[in-house]
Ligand SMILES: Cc1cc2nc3c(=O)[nH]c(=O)nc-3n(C[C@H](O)[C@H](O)[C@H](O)COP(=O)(O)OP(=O)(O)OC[C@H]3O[C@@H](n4cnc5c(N)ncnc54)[C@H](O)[C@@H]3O)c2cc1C
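Here you get one chain, nothing else, as structure tokens; it is the form predicted on its own.
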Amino acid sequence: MSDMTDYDVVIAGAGPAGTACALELRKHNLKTALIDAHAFPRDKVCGDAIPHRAVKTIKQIAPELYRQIRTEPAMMPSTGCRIVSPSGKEIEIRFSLEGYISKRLDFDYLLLQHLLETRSVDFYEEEKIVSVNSSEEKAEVITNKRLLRSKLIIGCDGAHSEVRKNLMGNFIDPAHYCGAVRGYFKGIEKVKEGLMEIHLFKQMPYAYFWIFPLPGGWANVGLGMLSEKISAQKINLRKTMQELISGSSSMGVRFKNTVMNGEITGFGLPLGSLRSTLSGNRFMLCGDAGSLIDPATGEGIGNAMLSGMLAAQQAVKCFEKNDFSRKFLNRYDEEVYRRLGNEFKSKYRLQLLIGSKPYLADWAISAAQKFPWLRKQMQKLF
């Protein structure tokens, strides 16, 4: 260890949650450090959908960045979603709110570059967290290169959060966790620009297959499923996905002439279907680190950015009151779940309902084709 520095706030993780948090904090003259285990630009295994909640948060915390992303070539506007039921019934939902599809390699780097241009944080990349400690007097983050002391730590370091592991343990409930795999493909037949696709299959309840188009003719293609179902059915997601896109099935035909970039890669999704503790003495957790992923769609970027902004706002209140206690920081938990709690509950009920009774997806699609109000309800899923 070659360095030791004191900060007001240390943010662990420079993804969407961490950059949103830092962009909100820059307004308040707090000495802030941002650390990440990787060098940027770096890839992040994800579905690459940037929902309206993320766009809305960017517009709120950095209007100048919002204007930039609207003309950024790496950001493809998402215009809607085609949903295909287990029996092959389908519906095309058009989005009324602004969203995008972008590789995380590009999106995360765009956010970070903008933040660093503001010169409001000290950024330490390629620094892996060795340990995190908090006491009544201070908080400390030890990386492989330095010791960072602060009054507050904000963990935005993803599904395998070192902040959460060090300060709260690393419990995973497979009933509220999703496993997923994804790959990048070019040349898929019948892909429409900006139109995402979600496919449900009878042989895989509690799972869905996606095709999300990207700039340049590429698409993010993946398969996700509840972890407890993966274990119970002894499913190999990579193998299952490869089987779906090969052979003589209608999906296989669409992939017949594709080119794949890289490999099919796996990742984990801690879902918001189980309320988590998001704070404690001198720390808060945001995004995937706080298990804030949408239980129905698996989307996490919008909730990550919203929670990052809310954590920054709570941090400011902590400094105003000079109170970094568990009790005072619990206000952050309450605000996150006031915003997202009911949504998580309804999405979780939907996940269980469609998973246990796949035929309901057929009914819902047929009904939505007849009743505009139901079509609008389906829009709200995204």
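Position 1 is the first residue in the sequence shown; the rest follow in order. All figures in this text were calculated on a predicted structure; none of them were measured in a lab.
Beyond the structure shown, there is the form predicted in complex with the named molecule, which is absent from this document and is the topic of what follows.
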- Exactly one of 278, 153, 312, 304 has a non-hydrogen atom within 4.5 Å of the named molecule in the predicted bound form; which residue is it? 304
- Item | The unique member of 201, 95, 267, 109 whose heavy atoms fall within 4.5 Å of the named molecule in the predicted bound form | 267
- Have a look at 209-217, 247-255, 76-84, 227-235 and name the one stretch with heavy atoms inside 4.5 Å of the named molecule in the predicted bound form. 209-217
- Counting only non-hydrogen atoms and a 4.5 angstroms cut-off, does residue 355 reach the named molecule in the predicted bound form? no
- Message: Since only the chain is shown here, I'm wondering whether residue 316 would be in contact with the named molecule in the predicted bound form (any heavy atom pair within 4.5 Å).
- Response: no
- Task: Consider residue 35 of the chain shown here, and say whether it contacts the named molecule in the predicted bound form, taking contact as heavy atoms within 4.5 Å.
- Result: yes
- Indicate whether residue 49 is a 4.5 Å heavy atom neighbour of the named molecule in the predicted bound form. yes
- Task: Taking only heavy atoms into account, state which residues of 135-167 are within 4.5 Å of the named molecule in the predicted bound form, ordered by sequence.
- Result: 156, 157, 158, 162
